[in-house]
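Starting off, we have a lone chain in the form predicted alone, written out as structure tokens.
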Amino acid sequence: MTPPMTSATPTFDQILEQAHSIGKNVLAVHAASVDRDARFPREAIEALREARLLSAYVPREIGGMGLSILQIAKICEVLGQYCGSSAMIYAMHKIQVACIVHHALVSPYFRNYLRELVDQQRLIASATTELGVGGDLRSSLCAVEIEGDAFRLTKKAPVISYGEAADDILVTCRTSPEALPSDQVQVLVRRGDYTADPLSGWDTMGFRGTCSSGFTLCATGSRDQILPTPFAEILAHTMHPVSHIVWCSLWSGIAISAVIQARAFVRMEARKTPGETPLSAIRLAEVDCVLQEMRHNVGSLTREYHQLLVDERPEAFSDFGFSIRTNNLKLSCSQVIVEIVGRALLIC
């Protein structure tokens, strides 16, 4: 069982301790079956709901924990040590929460929605990719059609991670049927107001529990559910940097777990030959250096992004250099994690 918080306003150390407890007692227990069966990690998400961690990035004045991106990244790293799929779902949910927090608080509808998210611990998915655009997030064929105060939309999405388990979905689409492909908005569609007909299945080598199948999404709702900020701004300011930060953080968690297992093996080998340093200890020192460099790079960009948010410098997110550093972080971490896990496997 997850231990209860010791105060009404827990410290971040207490939150991390609870995340580790959930990881050990829930995520790690079910990780093998989640991966083997490519099933949604319902036990993990329910435990995170009970801990109220799905609203951790919602500002305190709306009822959330008001954590920073630095703290959210740390939680993702912790969860990544126990179950990659569960950590990825949590990270992707947090990307959607950040889009609303950063770009829709001026809307009474979305402020009320965030209160719902806090009360009900709602899980948000994302439908950004679309058949026919080649994976380009800055292009949409789907368009939102507005009639009076209502909207409707239809989107053929080849991937909607945990779409069947989500409470709500943020959908990218053109602002109207006449709009250019790059003239986009995000629309929040609510469970009960949309249908999702299967397009494709999900049988992969990794992150199998994210259940990222494809669907034809047909939705209706109120025009108030359209985020008031153009998607181009949301992508540059929030979706692009936050996604890379939380992904790389959970990858760091996976790498940490691999090195921990390698370290336990080296200790076991050392006990067999007291007074002698096993060869595997040298390999462990080498892989630990690679891991520390990876974590340093993730932390560096996360701190930079956090400071830009604190300083309220939106123009910096359009800077080419910042975008390149963000892309390079994802590229380097996605390569280094394979190296770290491979070296840890060699040690063991």
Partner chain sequence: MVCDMTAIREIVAQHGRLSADARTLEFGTNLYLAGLTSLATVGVMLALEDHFNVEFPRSMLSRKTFESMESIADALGELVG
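Residue numbers count along the first chain shown, from 1. Here the structure is a predicted model, which is why all the values come from computation and not from measurement.
The same protein also has a form predicted in complex with the partner chain, omitted here; what follows describes it.
- Put simply, of 150, 106, 180, 260 only one has a heavy atom within 4.5 Å of the partner chain in the predicted complex, and it is 180.
- Contact annotation: of the candidates 319, 35, 43, 50, the single residue with a non-hydrogen atom within 4.5 angstroms of the partner chain in the predicted complex is 319.
- Of the heavy atoms in residue 312, none are within 4.5 Å of the partner chain in the predicted complex.
- Although the partner is absent here, residue 190 lies well away from the partner chain in the predicted complex, with no heavy atom inside 4.5 Å.
- The partner chain in the predicted complex comes within 4.5 Å of no heavy atom belonging to residue 156.
- Among residues of the shown chain, residue 208 is not one whose heavy atoms approach the partner chain to within 4.5 Å in the predicted complex.
- In plain terms, the part of the chain that comes close to the partner chain in the predicted complex, with a heavy atom within 4.5 Å, is 180 to 188 out of 180 to 188, 114 to 122, 266 to 274, 98 to 106.
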